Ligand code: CP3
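Next up: just one chain, as structure tokens, the form predicted on its own.
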């Protein structure tokens, strides 16, 4: 799968090649600075809440028609420059048979935490048939979106490992770190399996029409740079290496300001910067080899519009030094966000960057 080449009819070879997002990811200037939002498809939209009423989260993640419609909703409403397909980072784990559920208000919860070598060995490889409804949705979306790129995504090995070891979300990741430090050989075996699962999932999404991918390492900011390099970097590299050559690769984590140069060395073209580090500071840390994505603080979306506008302009000012900038939030859209504010942010970024 790591030697797959894109077909002549793939969107990256036709409809999305000159899109603002693809150009920015390749450190080329387009007509506008592209905008999309992490978690743009979801609970902030009333049309999403109406569609999801009575449907469990994981059921919706394996329903082709729902995936397509939910993914398209923010594109229609906000006129963002990219769609990110509606899913959850634990979907490939569910697809290979891990007993888990996404509990409202809590997140992914495992029926049994991973603790032993037998638990690790039970994690089998991901096959295309495991995620057939998802891949059908990716293909349908790529066709429907035309010149608007579809971003595929997966959870990075560290974050997936943390969910499996903790049995669910964690604030301190104590069990994860104890496993990592106390059983390093088994840790690397676990993350090696997860890297192949995540990498295969990303590659399959690209094969079916995604024009870019994002690897989410949501919790890796809990680690030091030394531990990241030893315990995480080889596995993130392995996952990203499975994505076909030429496909823009975005890598994002929360609280990762100290890890940005190492995350870049995992093989990303674009580094997602959370709201804690200004874009020009991040650029100085990582050098000229990367485009940057970010990084408006999501909390600012709840401030008066004049504050939002000033903050957007400040992000754009700092991003002006970059050879490639994709405007985004510094984390996901909060569920309580007024959708109209997001639409105004998109319009403002386009207005500023087209001047």
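Numbering follows the first chain given and starts at 1. All values reported here derive from a predicted model rather than from experimental measurement.
The protein also exists as the form predicted together with the ligand; that form is not presented, and the subsequent description refers to it.
Contact annotation: the ligand lies within 4.5 Å of heavy atoms from the stretch 88-96 in the model of the complex, the single such stretch among 115-123, 202-210, 88-96, 228-236. Exactly one listed residue, out of 299, 310, 51, 57, brings a non-hydrogen atom to within 4.5 Å of the ligand in the model of the complex: 57.
The candidate spot formed by 84, 104 and 219 is fully in contact with the ligand in the model of the complex: every one of the three has a heavy atom within 4.5 Å.
Among heavy atoms of residue 331, some come within 4.5 Å of the ligand in the model of the complex.
In the model of the complex, none of the heavy atoms of residue 291 sits within 4.5 Å of a heavy atom of the ligand. Contact check for residue 42: a heavy atom falls within 4.5 Å of the ligand in the model of the complex. The shortest heavy atom separation between residue 163 and the ligand in the model of the complex is within 4.5 Å.
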